[in-house]
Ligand SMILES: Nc1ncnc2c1ncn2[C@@H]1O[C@H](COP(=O)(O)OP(=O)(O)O)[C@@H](O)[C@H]1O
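One chain comes next, on its own, written as structure tokens: the form predicted on its own.
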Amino acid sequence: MYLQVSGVSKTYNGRVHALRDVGFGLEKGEFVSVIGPSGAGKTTLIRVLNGAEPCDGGEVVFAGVHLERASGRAKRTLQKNLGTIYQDFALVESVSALENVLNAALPDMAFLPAVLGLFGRARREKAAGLLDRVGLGDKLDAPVRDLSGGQKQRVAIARALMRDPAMLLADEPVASLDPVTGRQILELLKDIQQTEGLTVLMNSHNLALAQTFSDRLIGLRDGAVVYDGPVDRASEQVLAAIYGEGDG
């Protein structure tokens, strides 16, 4: 398995069980969506996988590296290989689209060039190429605050790709977008996944979009995996077990 999650648990304040013995695996190149009702633990799972939150138990192994044990160069390599796309974009609104993408390169730079913003010609050309790849070749110098929601998410995707990740973690990437724009963003993400051979794990509150773009679904309810299988086997009974009767 490319990504192996085994027995992962996460509790807040000693009472709220956000994740309960979560386990699953992803093969390289898969597009998998995590679905479930609000409060199921979807965002907590992404935060555990990208290292933003420590888990209380279990282990996460990505490309043979144990997330909990990684340190130094191994940890930096792991972080570089996992790109995250957020629902709220997490961009610097006051600077340009190009600068936002370039900011992803800061962890790989020496201290002084990073402080001075001396990214160099090669990085600037790469960032510009990525913005062109996501359909924003004409928006390099546009302040992010002037972009639409869909354009902001395209900038965020380009930023996530700047460090050449092997896997993208997408936390509700289209939840704040209108249906047409959201579908366009997922079409772009699917195209990148297929052409670049990336692995994608996406949280989605939109069941129809998850079913359309995913190879597989993982259903979470109350922090536990209640379904892990192909899209076409997620029957009404399965969805009822994930969402609860009448909540799907």
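Since this is a predicted model, take the numbers as computed values, not measurements. Start at 1 with the first residue shown and count on from there.
Beyond what is shown, the protein has a form predicted in complex with the named molecule; the following relates to that form.
Okay, which stretch from 58-66, 208-216, 192-200, 40-48 lines the named molecule in the predicted bound form, with non-hydrogen atoms inside 4.5 Å?
Comparing against the named molecule in the predicted bound form, the contact stretch is 40-48.
Check whether Q237 has any heavy atom within 4.5 Å of a heavy atom of the named molecule in the predicted bound form, and answer yes or no.
Output for Q237 is no: heavy atoms all beyond 4.5 Å of the named molecule.
At the 4.5 Å heavy atom threshold, is A18 in contact with the named molecule in the predicted bound form?
Because a heavy atom of A18 falls inside 4.5 Å of the named molecule in the predicted bound form, the answer is yes.
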